[in-house]
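This document starts with one chain, in the form predicted alone, laid out as structure tokens.
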């Protein structure tokens, strides 16, 4: 069922059993999971069914410390959310990503990889992936031409990705959501305030506002905040009439520990002779396929006290003209969506011919850092809500981890007689400077991190905001650490785990 909130009378009261704020990957997955529940689910989306400049303008903010993507277009404000320009990369976090690592301050999840595995399998289905198989041996046995590099398996292994079509959730799940009699989707219903009880121990209601200024009230038994890491933090901080520091922010943690994945060309590899690279090449368009990247075993990460990361092979040598995607990503969200939704050119069923020299593309986790954070701006948007600004800050461990990864790769390539690795100058200059071609993955994580101790996290292991009985957070905002893989598969798995938990609350 769909209702355009702009058509309602001002002051309309909307009521239900469960209210999900935000119709992106997490919110839509949860709503779909409740279609057969018989419970009334309110799904609130601030935008409509298409990207619109006026709605994206509400997401404008500044990156205060270093270059980043335009915030107004890095997150999409319409049904389907940022899956509208998602590339479809999917892989689960590694077991070590959930562990408390004494060399990574603030690391450690209150749940484990085995506890999340059943939800990963369900998430695979929602994202239209193949079997829940991320063991490289599974893919090798199905194709004789898929072979891993002969590196020491105690040091490096092929980390597998599967590729979603990619699933545009706003398209794939629009009809099922609209036809579900118990799912009540309200578009153009932008939540501008979460209103707690007087004691600030539970949520009483929400204030939702349309772009033309109508204000509606929303009440439910349980509430889920699923607006993405930046705007979850923004809404909690701005809801400060009764909680002066913001909701869930008694210990000044909301907005802190913002994480991205460092995505950057870091080195080049010269092989002694061409190697069959089918396992490591991008899959053909329109197929459910997989690809490997090089990754370090967990024991090696422990030994060298570094962060998790992967390396992908890009054909051709370094050019000296490597560029950041920050500058090329337009502030015009509609243009970005059109560009990223353009069909990929199929490479056919055969990989490109083997080459001798490859650029090495790194995707690495960012160490959780309390000074890397989302803050409220003094400037307000068109609806009177404070804007969100980004302070993206790094630690020495971030850069050292990339350097050690390639030093180990160089040693192993030489030992195996495969070839040599040349590190780029920025990686060996001995300081904390980063190259101009540094990019990120639009992977916003960590601003309402998960921890059992309210002095160290905003939500508990069930994603409930500490101290507030009926408010939960879904999505990558709850990640304590981000691992080295794209966050979408994990955030859907975590959302489905939360969905199961909420069934015990809405009985």
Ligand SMILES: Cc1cc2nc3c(=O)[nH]c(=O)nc-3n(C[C@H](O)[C@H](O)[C@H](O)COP(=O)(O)OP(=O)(O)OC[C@H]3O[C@@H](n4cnc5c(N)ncnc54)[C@H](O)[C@@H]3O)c2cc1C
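Numbering follows the first chain given and starts at 1. Just so it is clear, the structure is predicted and the values come from calculations on it, not from any experiment.
Heads up, the form predicted together with the ligand isn't pictured, but that's what we're talking about next.
Problem - the ligand in the predicted complex: contacting segment from 397 to 405, 184 to 192, 370 to 378, 212 to 220, heavy atom within 4.5 Å - result: Every other range fails; the passing one is 184 to 192.
Exercise for the section: Answer for residue 129 alone: is it within 4.5 Å of the ligand in the predicted complex, judged on heavy atom distances? Expected result: It does not: once the ligand is placed as it appears in the predicted complex, residue 129 has no heavy atom within 4.5 Å of it.
Practice task
Verify the contact flag for residue 264: yes if a non-hydrogen atom of it lies within 4.5 Å of a non-hydrogen atom of the ligand in the predicted complex, no if not.
Solution key: Residue 264: no, not in contact with the ligand in the predicted complex.
Handout entry: in the predicted complex, residue 443 touching the ligand (heavy atom, 4.5 Å)
Key = Close contact exists here: in the predicted complex, residue 443 approaches the ligand to within 4.5 Å, heavy atoms only.
Exercise for the section: Check whether residue 341 has any heavy atom within 4.5 Å of a heavy atom of the ligand in the predicted complex, and answer yes or no. Expected result: So residue 341 does not count as contacting the ligand.
Practice task
Identify which of 109, 156, 358, 86 has a heavy atom within 4.5 Å of the ligand in the predicted complex; exactly one of them does.
Solution key: Contact with the ligand in the predicted complex is made by 86 alone.
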